[in-house]
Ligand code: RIB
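Let's start with one chain on its own, the form predicted alone, as structure tokens.
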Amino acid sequence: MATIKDVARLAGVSVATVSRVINKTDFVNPETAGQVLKAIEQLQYEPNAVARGLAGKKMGIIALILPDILNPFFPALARGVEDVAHKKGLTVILGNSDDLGLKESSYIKVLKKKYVDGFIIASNTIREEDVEALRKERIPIVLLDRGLNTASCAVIRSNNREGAKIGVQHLIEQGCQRIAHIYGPQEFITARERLLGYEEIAKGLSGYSPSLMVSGNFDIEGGRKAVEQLLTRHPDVDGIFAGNDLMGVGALKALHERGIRVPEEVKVCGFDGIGLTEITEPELTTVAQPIYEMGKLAARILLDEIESGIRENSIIELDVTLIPRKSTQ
């Protein structure tokens, strides 16, 4: 492989001149610059990315850290990030943290050494001091979906509380009065907001009881077990609002196993809008987040900061949309 010294020798200039042409750090006579570029093309020379990073140049790499890549919600987010980055000529490095703070911290520590230009992180464990530590090193960061309520960076998520209210109100409009809620881990701000939205509407129903709220762990098996527990407490439940679609799918499975007809006896609504909701039987009604658009917006904001150095310090909540399907109609 050709080196910068080989380019300088062929072009008849100094290594410093080649460096100035590559990095565009100072004026170089157009004729000289042309000789350097011709030598680079002839030798098929590729500048060392790490060396450029050490010199304070952009590496063209961003890091995306997600909590659970097996959850269909997060690949859709990742696709949005990647599509924007690809159009800008950037590479995305993906890390799966498994919702573990230590694993997440390890990713950040390692990837910083790789001279990434910025981070997009979906995390319920990241702290304000973690964000500030990256800020002190002048590394741009955007928090996505799960994140802090106050942060010195952009935080992008959906309007989770309003979405929950929309889902519960839809069940009421479909005739439900005994509406249960299967909620996700309450350390996640998304799960907390959806529970609060459910309570805000459900408390006005004559059939409301706190025991209608059951934990489901944001996965299919959690949703299935929650329905078993729920029906033991309240066999007369006629509506279920699941805090995410995976728990909604688990609820459908549990009801089917018990011979309970959906939507005739119990109506079910999920939250997220993942593709899996279109292939269940019956198809699952869901409060859909603009998942792909969230990923795209996170990438745009991060890339704007990388290019301009101007921070976007705000919480951006995107609107959600009810998609009614056969599980409630």
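Everything numeric in this text was worked out from a predicted model, so none of it was measured. When you see a residue number, it is the position in the sequence shown, counting from 1.
A second form of this protein, the form predicted in complex with the named molecule, is not displayed here; the remarks below concern that form.
* To do: Indicate whether the named molecule has at least one heavy atom within 4.5 Å of a heavy atom of Arg146 in the predicted bound form.
  => Yes - in the predicted bound form, heavy atoms of Arg146 and the named molecule come within 4.5 Å of each other.
*Tell me, yes or no, whether Thr286 is in contact with the named molecule in the predicted bound form, where a contact means a heavy atom of each within 4.5 Å.*
Contact with the named molecule, no.
Q.
Just checking whether Phe73 would be counted as a contact of the named molecule in the predicted bound form - the rule being heavy atoms within 4.5 angstroms.
A. Contact with the named molecule, yes.
At the 4.5 Å heavy atom threshold, is Phe218 in contact with the named molecule in the predicted bound form?
Judged by the heavy-atom cut-off of 4.5 Å, Phe218 is in contact with the named molecule in the predicted bound form.
Per-stretch contact check against the named molecule in the predicted bound form, the hit in 208-216, 73-81, 130-138, 254-262 (non-hydrogen atom, 4.5 angstroms)
Among the candidates, contact is made by 73-81.
- May I ask you to list the residues of 188-211 that have any heavy atom within 4.5 angstroms of the named molecule in the predicted bound form, in sequence order? If the 4.5 Å heavy-atom criterion is applied to the named molecule in the predicted bound form, 188-211 yields Thr190, Arg194.
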